[in-house]
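The chain below stands alone and is given as structure tokens, in the form predicted on its own.
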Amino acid sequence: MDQILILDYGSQYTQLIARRVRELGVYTDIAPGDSPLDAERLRNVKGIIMGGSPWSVYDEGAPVPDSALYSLGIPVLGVCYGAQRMTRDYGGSVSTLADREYGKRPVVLTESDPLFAGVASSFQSWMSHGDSIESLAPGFRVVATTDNGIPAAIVHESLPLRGVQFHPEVTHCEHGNDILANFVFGICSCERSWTMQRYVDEARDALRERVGASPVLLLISGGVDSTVAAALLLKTLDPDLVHLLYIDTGLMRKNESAEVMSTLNALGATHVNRVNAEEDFLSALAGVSDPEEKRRVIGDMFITVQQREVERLGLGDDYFLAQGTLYTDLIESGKGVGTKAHVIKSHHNVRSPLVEKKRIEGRIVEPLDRLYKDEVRALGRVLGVDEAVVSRHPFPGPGLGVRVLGEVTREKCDTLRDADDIYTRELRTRGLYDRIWQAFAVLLPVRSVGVAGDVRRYGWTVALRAVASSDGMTADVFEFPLKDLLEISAMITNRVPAVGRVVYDISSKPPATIEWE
């Protein structure tokens, strides 16, 4: 099976490149950027993509590829850092830009090249770099520039080496998929042979080999990720070996626990365990307001309760802990392929010390850890998971713990639950829910003065968030019809007495993240 090898230098977008290529029907494998490129690694590889990086090529300790990379005769495409790395390695120079090129930027093609076959002569790219190619390496020429004359794409005169200083993998980049397709099919001559069904088959084989006859405990949140993970486990292993543990943290949305139990029963699980741990979590969170500390506390409490329940269930020591971890969780926590990723925010299912302990013991099973959210939805459909569950908006593992900003209390959670329930139900009623990637309410640690009737009221402020995205790696604010936004805001302030003011978050990702904490 033909494949594209992606060299990871710590960029958030590395797996997004892999996802885009898989969408084209070609298998991708990701390796640390400094991996030895031996015969085993290069088996069936028809092309190599060097990803981006939070590093600069001139930083001490910056990742460097195997020196054999450029002489393999295999087509190479450098993306952002990859293009700069290629330039520096071949004797060109890279320097810091006076003004960083970030976000949408026009690119103009100055020469023809197979990489841009069928692409408009001018298009909007997506850039995210503070460095740029200052002088070309010998043997390279520029085939595209930005509107300010900075190289946007370079090509070697005689070797199959190319580089772009923008991100074609990001949905905001016009013709991005066409450019990747030109590289994969036109330049690398790959054949389409990769499907989600094939992923399912390989994931199931890997699960059987890894788990054997050992029991597996899956921590269920009720969201898309853990539900699809449960479906995959139940359709792969003996259901008697699969134990589903739902921990009711007290940080769930309104009526969510009852909905979760109904969903789990519909999956045909043999062992479903529900634990009411609201007091445990709220007590542990008392006085904690720092976002990272809240995530750590929630993550540790998840595992503490899990360990307690495992003892009660009598699973012994040889069980596997399964999680619905996605690749976005890994890379935002600095746990992507290789060692060069930076931490953006911690996920309790990735960086918790207790989860790390299980990981060291080799008893963690994460069958979704190379997928993005939209791919998980596609996987769920292949597995026959109900569409109402598959199409549900993402919900963070720490739940309302990271949507109540500042200290978390039962009173604040109840207030947010009521506001979020009104918001979500109205989105469905108005036909807006399925047009939005993710929508939710956030309780801000801010009170403001208001008037209820003739009485002065001092109420909490709720922020509404709604974004449009295809993968969660980048997101634009959803352009809410003003009439709907005004009416929903009025409903919240009228029906939730503790809320005195509603605001709408208009930030995109980046520079913001989708969640507030």
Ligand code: XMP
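Since the structure is predicted, the reported quantities are computational estimates derived from the model, not experimental observations. Don't overthink the numbering: it's just position in the shown sequence, from 1.
Missing here is the form predicted together with the ligand; even so, the following discussion is about that form.
The candidate spot formed by Pro394, Pro398 and Gly472 lies fully in contact with the ligand in the predicted complex, as each residue has a heavy atom within 4.5 Å of it. Heavy atoms within 4.5 Å of the ligand in the predicted complex are found in exactly one of 434-442, 189-197, 280-288, 105-113, that being 434-442. Put simply, Asp2 is far from the ligand in the predicted complex: not one heavy atom of it is within 4.5 Å. When the ligand is considered in the predicted complex, Arg22 lies well away from it, no heavy atom lying within 4.5 Å. Contact between Lys509 and the ligand in the predicted complex is found at the 4.5 Å heavy atom cutoff. When contacts are judged by a 4.5 Å heavy atom cut-off, His243 does not count as touching the ligand in the predicted complex. The listed set Lys373, His129, Arg85, Arg295 contains one residue whose heavy atoms approach the ligand in the predicted complex to within 4.5 Å, identified as Arg295.
Contacts between stretch 480-517 and the ligand, counted in the predicted complex as any heavy atom lying within 4.5 Å, involve Lys509, Thr513, Ile514, Glu515, listed in sequence order.
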